[in-house]
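As a starting point, one isolated chain is supplied in structure tokens, in the form predicted on its own.
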Amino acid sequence: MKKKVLVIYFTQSGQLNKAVKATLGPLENNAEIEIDYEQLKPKTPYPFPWTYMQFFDAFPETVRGTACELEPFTFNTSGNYDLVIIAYQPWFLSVSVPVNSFLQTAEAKQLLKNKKVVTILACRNMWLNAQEKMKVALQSVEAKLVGNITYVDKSANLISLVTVFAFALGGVQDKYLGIFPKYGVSEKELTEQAPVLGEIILKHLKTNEYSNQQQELIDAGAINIKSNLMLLEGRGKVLFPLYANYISKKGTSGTADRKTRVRIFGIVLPTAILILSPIITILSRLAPVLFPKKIKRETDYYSNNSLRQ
């Protein structure tokens, strides 16, 4: 009997879709595996490229976990899937609104209960807090997270800050201004490393034994954690809900009353990253020396699929 896999994803630019296809190549090419794809479609589509205001106006609802309406799903909620793969992008250190909205539906609760789940992320570089929220969501629907793969832009943080804005707001993925590197996950990583990760998933899918899968994925380079970004995310995790609530007090998404606060946040966020990033980079180099056990403990925790109580 064929093993059945359901892939649930949302993508705007297609970058995530490329990462998913590259990873699942070994499964696609195996006659014993049957894969269904479900692309989530918001009833009010999110733009790509974004305008400046559209981009930052999505921040409060993303951080607060406010759901959007989705088009009807095509998958069978009672389908006997052996594995569900959820592919998503982090938005503002949170799960993207369409994927988070799906996780709140009755269909998700029915589909995911007692199911094995693997998550695949493609993003600039910060994903730890988003994955923590994903863990909580999966736990709430009684799903079991058995694997996580992250694809990130390997450029330095401040460089990727420039290139991600050029990409998100202008659709420019090639070298920006002829100076900055191409934004996104490298083609080499997708062609060379992604299939290796897919083979690991395939092996465990065939045996239905996942106890060692995440460690094998880690050993194959599936997880990307930098101590400076871990510290920077820690600051954002505390401050983002405060900013989100501050903006939301002036109204819901798209309302004119909150435009001023959205504009202010659109200035504050990049400025804060520019100021804090060099400072935190220095601190992150000292932290492993001053607090080696804590840094290792945190890195090990975020690399795995358990949820901190």
Ligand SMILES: Cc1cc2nc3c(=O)[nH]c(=O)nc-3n(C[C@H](O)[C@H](O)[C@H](O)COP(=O)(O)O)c2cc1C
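Quick note: we count residues from 1 along the sequence shown, nothing fancier. The structure presented is a predicted model; accordingly, all values stated were derived computationally and were not measured.
There is also a form predicted together with the ligand; it is not shown, and the following applies to it.
- Task: With heavy atoms only and a cut-off of 4.5 Å, decide whether G198 touches the ligand in the model of the complex.
- Result: Residue-level check for G198: no, no contact with the ligand.
- Partner proximity in the model of the complex: L24 to the ligand, non-hydrogen atom cutoff 4.5 Å: No.
- Query: Closest heavy atom of F102 to the ligand in the model of the complex, within 4.5 Å or not?
  - Reply: F102: no contact with the ligand in the model of the complex.
- Message: Using a 4.5 angstroms cut-off on non-hydrogen atoms, would Y183 count as touching the ligand in the model of the complex?
- Response: Within the cut-off, so yes.
- Of the residues Y176, F73, W91, Y210, which one places a heavy atom within 4.5 Å of the ligand in the model of the complex? In short, W91.
- Can you pick the stretch from 215-223, 137-145, 201-209, 83-91 whose heavy atoms fall within 4.5 Å of the ligand in the model of the complex? Only one stretch qualifies here: 83-91.
- Counting only non-hydrogen atoms and a 4.5 Å cut-off, give the residues of 139-161 close to the ligand in the model of the complex. Contacts from 139-161: none.
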